[in-house]
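To begin, one chain is listed below as structure tokens, in the form predicted alone.
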């Protein structure tokens, strides 16, 4: 049975890869798993039918037969567990890859999302600039440690894994802030992720929804 995911009918970023369905699409593309997409509007996301699938009225969701999942990290983990290509077969390496998935979502992403929320919702407030400086300091603290750990390696722990997929997806959110430019090895790391054919296919599919043009 082909899984079905949900995505924005019109993404707030115009299809630039920031919506979380991009992560799920990327995972599907990496493992070669076909998938269907059901588009939902902002209004539909808050309706009972969608909230029966995602209790918090967000995207993405995943449906396959009787299985219903929500949260992009959980969905990517499920895909990685069921298909070869995103998690190492060796037990310790597999555990480390999963750890990096959690690190991306629980340690690196929160201050990055805090920055986005501050800019979108509070930029007209007189104290916004000061708040952004504090949030940016928190982001740089995380990136300092991540940059040191990555060093000159291509990926976080040997071969590319679901941990890298999630981490790159999180770091992409920093592009507009230019903070990532301060870390050449992390900028190169993100570029390697975006350069993967699977990512390009996922990005093109998401962009096509918002531009009306079919993916190349």
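Numbering follows the first chain given and starts at 1. Note that this is a predicted model, so its numbers are computed, not measured.
One more form of this protein, predicted together with a further copy of the same chain, exists but is not displayed; see below.
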| request: Can you check 187-195, 33-41, 66-74, 174-182 and let me know which stretch has heavy atoms within 4.5 Å of a further copy of the same chain in the predicted bound form? | output: 66-74
| said: Given that a further copy of the same chain is not shown alongside this chain, does residue 151 nevertheless sit within 4.5 Å of it in the predicted bound form, heavy atom to heavy atom? | reply: no
| message | Taking a further copy of the same chain as it sits in the predicted bound form, is residue 109 in contact with it (heavy atom to heavy atom, 4.5 Å or less)? | response | yes
| Are any of the heavy atoms in residue 96 no more than 4.5 Å from a heavy atom of a further copy of the same chain in the predicted bound form? | yes
| Partner proximity in the predicted bound form: residue 20 to a further copy of the same chain, non-hydrogen atom cutoff 4.5 Å | yes
| remark: Contact check, 140-164 vs a further copy of the same chain in the predicted bound form, heavy atom within 4.5 Å, ordered by sequence, gives 142, 145, 146, 149
